[in-house]
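In the structure tokens that follow, a single protein chain appears in two forms: structure 1, then structure 2.
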Structure 1
Amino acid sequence: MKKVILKIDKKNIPIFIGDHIITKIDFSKYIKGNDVVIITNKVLAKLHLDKLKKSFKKFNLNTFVLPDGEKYKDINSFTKIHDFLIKNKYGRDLTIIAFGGGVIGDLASFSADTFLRGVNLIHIPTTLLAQVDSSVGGKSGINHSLGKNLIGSFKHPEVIIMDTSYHKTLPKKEFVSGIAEVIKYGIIGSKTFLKWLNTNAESILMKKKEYLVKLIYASVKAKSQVVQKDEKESGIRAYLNYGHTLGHAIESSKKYKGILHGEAVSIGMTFASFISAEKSTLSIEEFNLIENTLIKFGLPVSIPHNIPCAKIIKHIDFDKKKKQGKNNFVLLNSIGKCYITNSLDIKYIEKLVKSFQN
């Protein structure tokens, strides 16, 4: 078992990483009262909920189960969670456990932050994407019809447990989607790590335990270091949005159907890398390394032809990273060296979007 400490908000948040570690955690250290509610989805409830419940025998345990899918990360699901908590008359000593991927993590976190102005939270992320990205850093939120994650807050958990054994039942498509965010840490932070991912793609895709623990540990450590320096995304934390401006626009354009978050971000990272090579000092050799690594893992690098360019441009215009009426893009001077620009002309972006469609 590996451990990373996220030092934030005047507290140390332990992050445990390993295989079959869920039964080794003493949850009583992180639960304030006696009431515990696990928020999860139907797929995970069927596969893993009964086993997880055994870790909470000494508590007054209840569960709330949602349908599975990004389209359910909305105001309706958020309201249903609050209705459940209010009808069961829970108090401020409640602990909410987010048991699932990024959708459940965001919904449960936002609910924990807003119910009675804030209750205890524990994260047990079950997808690779949630483990390496969304469960670390305190972001919570829901989607709006005009854009992704436009409504939300910052809510940090008491502890995060990342058990790689959950990947055994994770569909390959979702596992590969999570790899996109792992590759992102290499692109924005470490060429050495990016090359390691490229070289070991086959072993990682086979879900070999030692490789999974290593890549999750490296990703979590990288994100923790950034978040500790810039919790509210006023500076370098924005670099973690590499590829997300276009990625979120693609997801919103498709109404979160038919494309996973990591797949959209993979396209967005290729797009941002191409702009970096064209407008900045990113070398063709480094661009090729980025694109080749994404392709090795089976991730897409071009925009689906069935998405109208006008829709993508519309959703880019509603991007939450927009400031003073200008779109912000994270670009590269080289692998590991990012910068933010708001000087990209919308006509240039529109022309490039069209050229990126397969």
Structure 2
Amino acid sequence: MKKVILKIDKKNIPIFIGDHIITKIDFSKYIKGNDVVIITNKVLAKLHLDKLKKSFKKFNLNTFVLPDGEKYKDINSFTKIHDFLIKNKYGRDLTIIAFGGGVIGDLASFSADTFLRGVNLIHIPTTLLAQVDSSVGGKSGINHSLGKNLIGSFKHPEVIIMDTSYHKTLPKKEFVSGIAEVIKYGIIGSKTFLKWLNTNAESILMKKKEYLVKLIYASVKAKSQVVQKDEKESGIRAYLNYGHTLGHAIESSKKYKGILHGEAVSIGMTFASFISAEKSTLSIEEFNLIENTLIKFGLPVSIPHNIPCAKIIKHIDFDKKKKQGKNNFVLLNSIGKCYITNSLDIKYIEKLVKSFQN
């Protein structure tokens, strides 16, 4: 079992990574009182909840099961969770366990941050994306009808458990979508790691446990180092948005249907790398390594032809991370060396979007 300590908000948050580790964790160290509520969805409840429950035999355990899907990361589910917690008369010593992918993680952590002004939280992420990205760094939230993740807070858990055995049941498409974020850590932080991913794509796609542990550990370390330096995204945390400006615009244009987050980010990372090679000093050899790694994992690198270019441009213009009326693109001087620019001409982006459509 591997361990990373995330030092943030005057807290040392242990992150445990390993195969079949869920039954080996002594949760009593991270639980204040006797009451524990697991928040999960129907898919996870059917597949893995019975086993997880065994780890909380000592506690007064309850579960709250939501339907599956991004559309349930909303104010309605948030209210239902609070209704449940209030009706059951839980107090401030409650511990909430977020058991699921990023949807459950974001919703359960926002609930834990707001119920009685904040109760204990434990993350048990079950998708690759939730393990390498959403469960680390404290962003909690729900969607608003006018946009994604517009309501939320920063809420850090007591502990995060990343068990690679959950990947056995994770659909391949979801797994590969998570890989895009893993590749991102290579692109923005380490050419050696990116090359390792490229060389070992086959074993990773076979979900060999030692490879999964290694890539999750490297990703979690990379994300922890960034959020420790810049929790509230006023500086280098923005580098984690590499590929996300176009990625978000593609997701929004498709109304978050028919494309997964990692797939959109993969296209966005290829796009940002292409601009970096044209406008900056990223070498063609490094651009090729980035594109080839994404392709090896079966990730898309061109924009679907059925999305009108005008829609994408409109959404780039509405990106919520846009500052002072300018678009922010994270670009590369070389692999591992990012910078942010807001000086890209929208006409240039428009021309490039058209040339990136398949």
Ligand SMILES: NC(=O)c1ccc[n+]([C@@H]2O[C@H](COP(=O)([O-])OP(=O)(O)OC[C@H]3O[C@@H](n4cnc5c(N)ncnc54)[C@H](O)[C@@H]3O)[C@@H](O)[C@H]2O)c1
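For the two forms, the rigid core is made up of the largest set of C-alpha atoms that agree within 1.5 Å on superposition. Note that the structure is a prediction, hence the values are computed from the model and not measured. Throughout, residue numbering runs from 1 along the sequence of structure 1.
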| query | finding |
| --- | --- |
| Pair member that is the form predicted in complex with the ligand | 2 |
| Rigid-core frame, C-alpha of residue 310, shift of 2 angstroms or more between structures 1 and 2 | yes |
